[in-house]
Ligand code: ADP
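As structure tokens, one chain now follows by itself in the form predicted alone.
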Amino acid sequence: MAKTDLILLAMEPSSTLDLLERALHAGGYEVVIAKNPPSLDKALQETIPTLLVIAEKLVDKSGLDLAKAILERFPTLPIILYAVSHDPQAALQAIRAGLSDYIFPPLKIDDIVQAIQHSQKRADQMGDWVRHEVRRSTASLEERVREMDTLVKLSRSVTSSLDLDSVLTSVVTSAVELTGAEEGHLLLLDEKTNELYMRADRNYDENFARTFRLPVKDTLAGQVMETGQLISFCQDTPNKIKTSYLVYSLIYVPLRAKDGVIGVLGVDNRIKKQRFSEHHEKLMMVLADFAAIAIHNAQLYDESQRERVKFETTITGIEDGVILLDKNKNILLMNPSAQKAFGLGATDFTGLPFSEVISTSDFKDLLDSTIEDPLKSHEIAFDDGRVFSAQYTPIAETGAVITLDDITHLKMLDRLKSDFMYTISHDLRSPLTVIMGYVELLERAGPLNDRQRLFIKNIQTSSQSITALINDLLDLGRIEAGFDTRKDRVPLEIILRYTVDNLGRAIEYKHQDLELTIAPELPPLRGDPVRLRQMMDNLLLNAIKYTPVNGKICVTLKAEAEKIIFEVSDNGIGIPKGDQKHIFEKFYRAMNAPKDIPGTGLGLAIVKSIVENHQGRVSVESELGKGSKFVVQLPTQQHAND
């Protein structure tokens, strides 16, 4: 049986109220009466009316003012104002305030029903508009998420692959897919001939791409090379950009390197007249930066290979800086690369204490290392923007060796990725808020059938998943940016018990056996209690998700060698060996992760960032089909840097 529409009458007792009530009952409506403002407010809290009829005066309150206040709370609720006499000025004020109709005596039943039906129809039209906007916003949001996913995968390829052909082809393919273009190409400059050649392409004839040459002078691509500025156009008639080569629309963006523009990334349409938007131009600029970084990385790699081959027979040929120390931390050897990194010239420093030659404060942790501590690494930042990764490795019977690796370009790339994801995450919040807000108002606009409620639930579920992804991204951004500087004395055992209690229902739901072991009198730990709880939550929740029903989870907290050890092990599905080295990377999920188990691929990346922010280490041991064990090592308060 269809649900009866509810009409709320906000009027004092009168013959008019009786007439309206009879007319509405006769029309098949359910009626609720509010005789004063308090009862009106209560009725709005306890019911969901289809329509409100409010008197021009309700006790000592203005009906129009009450209606305005109600519309602020329920903007889609249709409201009809009843006046004791016809007043054109009052009617105009009601319409301007957003009310749907204005009625006055003499009243006829047909007039009353017609006014209500008219208002309901208007409310239905508004509901249709809201649903249309939700669909449109959702489609746009899904497209942005797809774009972000493509760029994240591409950035991972740029940083992890040394196959330049593969990376550049991926860049061009992404450009074609993200812009909807027919063709894409990446042109690089041949400095010997001052011509552009096609280094990578998508949807071009192989022979054409292999033999293609384009002069820099008097061409659009050459103009981009010379000015360093983007070119984009869309015309109703084809435009010549190469000899006998006509296109309707095109985007050319420069590939910028340290020494200037080294090439051009382009997409075009030769058959369809599809326009490229400003958003497409921005995407192309990001992709061009990825390509330039990949080329720069390849150039750096080629240079390092040439240096390694050239100087492999002597320590002076090592590309990385090398400093060899004796047991008393006096310099035994410093190769030219290390001297250059610190701007020391060619002076011989053999026999001098390391701390006198290099006083950089960032080396304090390295110098505090001992033979018992097998490896320490630290980032060294210079005033000119260079960043080096310094590793300290004790050498038995000798002393120690410090190696320096320039990671400036990797830090720049990581910052580019982080800035992009952080910006996109913030941009996604606004449409998500609008979607969730309108979805919550849909039921107030009118009755919904079961199918419509299912659609609304699906929208809410998808929006909540995206919101969780955004929150994880923003959390990761804040942690990596070093915004979480709070460090307090933390009772880690109390935080762990709170985490276990909080996840108790999830464990009971899957009938899992949790074995909790906490060593007595743990040494103090200095850290951020909120982030440490988040780390524990993520690891334990991860075990719950991937451990089957009736499975077993073991959680241990203990002290060992001036460190606090936190372990979470399970007998779940395990992690393939090939995936274990990537499991802490952003957006990475193991190949065997069930599709029906939700996850953003950020939980373990957040764990790793939190642990490293507390000067600790996290590792995983796993065997496929037998379970996994995550181990977190955190320095105690006496050995952690403030």
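Just count from 1 along the sequence shown to find any residue number. These figures come from a predicted structure and were not determined experimentally.
We do not show the form predicted in complex with the ligand, though everything after this point is about it.
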*Specify the contacting stretch among 28 to 36, 611 to 619, 589 to 597, 58 to 66, defined as having any heavy atom within 4.5 Å of the ligand in the predicted complex.*
589 to 597
*Even though the ligand is not shown here, does Leu99 get within 4.5 Å of it in the predicted complex, heavy atoms only?*
no
_Proximity of Tyr546 to the ligand in the predicted complex, heavy atoms at 4.5 Å_ = yes
*Examine Ser463 and determine whether its closest non-hydrogen atom to the ligand in the predicted complex is within 4.5 angstroms.*
no
_in the predicted complex, is there a heavy atom of the ligand that lies within 4.5 Å of any heavy atom of Thr76, even though the partner is absent here?_
no
*Can you pick the one in Asn330, Gln534, Gln339, Asn542 that has a heavy atom within 4.5 Å of the ligand in the predicted complex?*
Asn542
_Each of Asp570, Ile583 and Leu604 within 4.5 Å of the ligand in the predicted complex, by any heavy atom, yes or no?_
yes
*asked:* Where, within 213 to 233, is there a heavy atom within 4.5 Å of the ligand in the predicted complex? Residue list please.
replied: none
